[in-house]
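First, one chain by itself in structure tokens, the form predicted on its own.
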Amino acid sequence: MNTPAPVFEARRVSKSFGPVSALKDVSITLFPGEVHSIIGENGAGKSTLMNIICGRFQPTEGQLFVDGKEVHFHLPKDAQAHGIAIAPQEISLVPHLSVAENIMLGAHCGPALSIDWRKTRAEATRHLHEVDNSIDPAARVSSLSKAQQQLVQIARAAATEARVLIFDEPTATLTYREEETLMSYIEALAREGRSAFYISHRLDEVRRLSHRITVLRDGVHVGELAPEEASRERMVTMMAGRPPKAGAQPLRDLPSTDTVLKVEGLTRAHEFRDLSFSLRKGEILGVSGLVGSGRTEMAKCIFGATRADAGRIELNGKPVSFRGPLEAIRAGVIYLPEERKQEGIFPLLSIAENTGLPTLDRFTGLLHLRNRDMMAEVEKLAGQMKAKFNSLRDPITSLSGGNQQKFIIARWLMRDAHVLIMDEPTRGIDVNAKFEIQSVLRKLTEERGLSIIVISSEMEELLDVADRIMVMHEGKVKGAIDRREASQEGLLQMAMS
């Protein structure tokens, strides 16, 4: 039996950004009807490789081939013309247009100078319903949840009728039901003879979907695995160059019983109701629940980004009612949003500027900014966070997602935070970077007495890092349990009871 020719091939591709080498001599193939997963730690070069394949970057060295013929992509539209499309991890939609308009953007049906809206909407609906049939094609994108927007991006990539689809962390924001629907959709695409590159830190997904698995480490191709030989331990070992670390933080007794944050009867119409809980000094409180359970809305309300309709919040025994995030920050209550790149960083600024921005007043001299002092403090905190970077003057977008998150945490440590609320802090972050961040959080509670709320859709993560876990469902607190007594099955049962 003859092996089919690859639909796409990259040969000895390298990519450098100034003195920094992101990819080194990487070769990879994709065959018709194949799902080829690319795994690696943050900063391994996965996204750089995918950006080259879809035409966003040009390789410094190497060649690309489609159906055996060499191609040169200068822009994404060049890749699209050769049947390659990407569903990126970060949301890239036009918020004020409808779902259908976003899906068919640039691919409207009709004559050259006009649009057949009936046919265009029908095509958009067909592609959308293949991915998810619960989203209204007429809805404005800005009204959708982040998970729904991610599904719309996937439908938009599929609507190009591309033969090669790139999925970059597609399930990071999805519920279990949406994950299952997407997995089935990708499997159906492969049966139809279409091909996909699949990037995910969720290794169970990788094993389920993949025909082959390629491992990158530090920009280098270090190996290829068949799914039947790709145990979790083997994949992590190849990604990190060492055996995986133990995941769970050790159980502990908190040194203090002092309550730092107390919430009683907090209610906001159509988001959550009658929420009551407390947070002790030095404690990590995990908040579990499905997407849409009201977790993020609760966090933003405590932070002052929205106002409660009823209820009471106490900070260190005193009632507070923040009229905005600035008041919360001044009181030492910090919120790190789920959408790191949209709401957490300033992409045009350097690493040092991103980290020191909220504390510039501390480094302002009589006539100028004491830049050297600020850089020294940022560098000190970077060491404590075990962050990897080339220069603090580099743009923050040059960092991997895990290292961006470490500097965002460092930013607020410079302001002496008392309560840190983290929304999906390790979303899109590899196994080892996740462990490092969890270790940093535990260290901050023990050495600084920081109190932390961790919101996560991954129950395994909460079981690894939290001291207590609170479960939310449909805007209500369903209960809280000590980690010693918690299990994934028990948390699910509590949520559904």
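Numbering starts at 1 and runs along the sequence shown. By rigid core we mean the largest C-alpha set that fits within 1.5 Å across both forms. Small disclaimer: the values here were computed from a predicted structure and weren't measured.
The next section is about a form of this same protein that is not shown, the form predicted together with a small molecule.
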property: Interface segment, criterion being heavy atoms within 4.5 Å of the small molecule in the model of the complex, picked from 431-439, 27-35, 45-53, 63-71; result: 45-53
property: Partner proximity in the model of the complex: residue 400 to the small molecule, non-hydrogen atom cutoff 4.5 Å; result: yes
property: The small molecule contact at residue 41 in the model of the complex, heavy atom, 4.5 Å; result: yes
property: The small molecule contact in the model of the complex: residue 201, any heavy atom under 4.5 Å; result: yes
property: Residue 283, heavy atom within 4.5 angstroms of the small molecule in the model of the complex; result: no
property: Answer option from 89, 195, 426, 149, heavy atom within 4.5 Å of the small molecule in the model of the complex; result: 89
property: Of 234, 415, 388, 212, the one that lies within 4.5 Å of the small molecule in the model of the complex (heavy atoms); result: 388
property: Is_shifted residue 350 between this form and the one not shown (CA, 2 Å cut-off, rigid core); result: no
property: Cα displacement of residue 399 between this form and the one not shown reaching 2 Å, rigid core superposed; result: yes
property: Closer or farther in the model of the complex, the Cα atoms of residue 386 and residue 26, when the shift from this form is 3 Å or more; result: closer
property: Pair residue 235/residue 386, Cα separation in the model of the complex versus the displayed form, closer or farther by 3 angstroms or more; result: closer
